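Next comes just one chain, in structure tokens: the form predicted on its own.
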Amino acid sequence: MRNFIKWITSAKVNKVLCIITFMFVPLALLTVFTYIPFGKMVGFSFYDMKYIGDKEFVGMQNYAEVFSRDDCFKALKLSLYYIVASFVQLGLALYFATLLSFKTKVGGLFKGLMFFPYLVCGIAVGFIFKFFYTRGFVLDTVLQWCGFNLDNLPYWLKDTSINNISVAATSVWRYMGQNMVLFIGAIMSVDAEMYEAAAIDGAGGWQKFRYIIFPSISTIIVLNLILAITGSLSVFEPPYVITGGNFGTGTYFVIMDRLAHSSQKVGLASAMAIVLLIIILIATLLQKLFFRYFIGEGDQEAIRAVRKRKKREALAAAGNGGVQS
């Protein structure tokens, strides 16, 4: 007994027990609130069921229905609006981050103002833009001040030719500041001596961005792009709050919510969630491969650049061999 007490109170054992204890709590929470519900959802996707009542095993029928129903898989087409908006968002964020990373008058104020929308609750942002786009309200009033006639202005939330663009623009306003802050952090970590050397060589702002800033923060650009595109595939708050998914603005998540809670098609909604997960994983993998091939990541050179260099070296070696012979 004394040996056991001595062993259990030793520093080495206490260190191991401390590590196991701190690992157990988060793993237990993940298991209870993530892995078990996910496993249940996978099981639900093979049944025709409601939240309460009997369920019938239908196999892959729910997955086939996801791709055949007009209101399910085709809703993913709306993600294209948000993907385009994410590219605009990242472009603006990178532009402002490049400007604000160097000494700029009232730069701190601009950073705060641009980052503030990200701190606002998504539901609140939805209500803000719901009134912003409402007929005769903020946007229409500002445009009338600029000389536009109200009768010639479209219904920003009802006109199917423009309403998805209007809703997607809210994501640009909300998330641009977050991306900008990440870019600023990455740009600030670049060695200042590289800028000084570039200035001595006569490099301008564009050359500094292209040959110093962009390659140095390529990892953060890839991360932001992955987060932006995966987020674009799972948009929920803007269309749900602003339009309720009406007038052709119902994204994949909005349709999933409608089927699960209004129509009580729990099995079909679960299958939609699994399909979306697979699509996001594939999209993430393709992005990683694209950047790894064309741009590279961190200190790793792009595969395309490596192949070109090896090809040039091979041609040079062949040319030198021909001269010597």
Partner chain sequence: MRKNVKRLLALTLTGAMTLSLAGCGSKDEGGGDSKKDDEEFSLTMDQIKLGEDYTDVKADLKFLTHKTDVIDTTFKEYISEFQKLYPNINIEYEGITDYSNDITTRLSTGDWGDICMIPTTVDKDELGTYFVKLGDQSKLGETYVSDWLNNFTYQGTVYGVPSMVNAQGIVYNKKVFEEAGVTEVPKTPEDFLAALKKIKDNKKATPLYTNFAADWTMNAWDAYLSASTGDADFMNSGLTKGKEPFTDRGDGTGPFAVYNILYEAVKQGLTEEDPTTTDWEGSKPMINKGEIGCMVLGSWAFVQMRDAGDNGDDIAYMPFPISVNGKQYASVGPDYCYGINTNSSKDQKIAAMCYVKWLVEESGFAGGEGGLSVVQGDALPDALASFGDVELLVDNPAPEGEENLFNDINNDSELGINVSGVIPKAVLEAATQKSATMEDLSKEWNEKWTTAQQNNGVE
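None of the values given here were measured: they were computed from a predicted structure. Residue numbers count along the first chain shown, from 1. Under this definition, the rigid core comprises the largest set of C-alpha atoms superposing within 1.5 Å between the forms.
There is another form of the same protein, the form predicted together with the partner chain; it is not shown, and what comes next is about it.
Enquirer: Name the stretch, out of 173-181, 133-141, 106-114, 88-96, where some heavy atom lies within 4.5 Å of the partner chain in the predicted complex.
Expert: Among the candidates, contact is made by 133-141.
Enquirer: Is it the case that residue 51, even though its partner is missing from this view, gets within 4.5 Å of the partner chain in the predicted complex, heavy atoms only?
Expert: So residue 51 counts as contacting the partner chain.
Enquirer: Closest heavy atom of residue 68 to the partner chain in the predicted complex, within 4.5 Å or not?
Expert: Residue 68: no, not in contact with the partner chain in the predicted complex.
Enquirer: Would you classify residue 230 as touching the partner chain in the predicted complex, given a 4.5 Å non-hydrogen atom cut-off?
Expert: Close contact is absent here: in the predicted complex, residue 230 is far from the partner chain, nothing within 4.5 Å, heavy atoms only.
Enquirer: Is residue 259 part of the interface with the partner chain in the predicted complex - any heavy atom within 4.5 Å?
Expert: Heavy-atom contact with the partner chain at 4.5 Å: present for residue 259.
Enquirer: Here the chain is shown alone; which of 207, 160, 152, 189 has a heavy atom within 4.5 Å of the partner chain in the predicted complex?
Expert: Contact with the partner chain in the predicted complex is made by 160 alone.
Enquirer: Which residue, 289, 60, 32, 281, has a heavy atom that falls within 4.5 Å of the partner chain in the predicted complex?
Expert: Of 289, 60, 32, 281, the residue with a heavy atom within 4.5 Å of the partner chain in the predicted complex is 32.
Enquirer: Could you list the residues in 87-124 that come within 4.5 Å of the partner chain in the predicted complex, counting only heavy atoms and keeping sequence order?
Expert: Residues within 4.5 Å: none.
Enquirer: For residue 15, state whether the C-alpha moves by 2 Å or more between the shown form and the other one after rigid core superposition.
Expert: Shift at residue 15: 2 Å or more after core fit.
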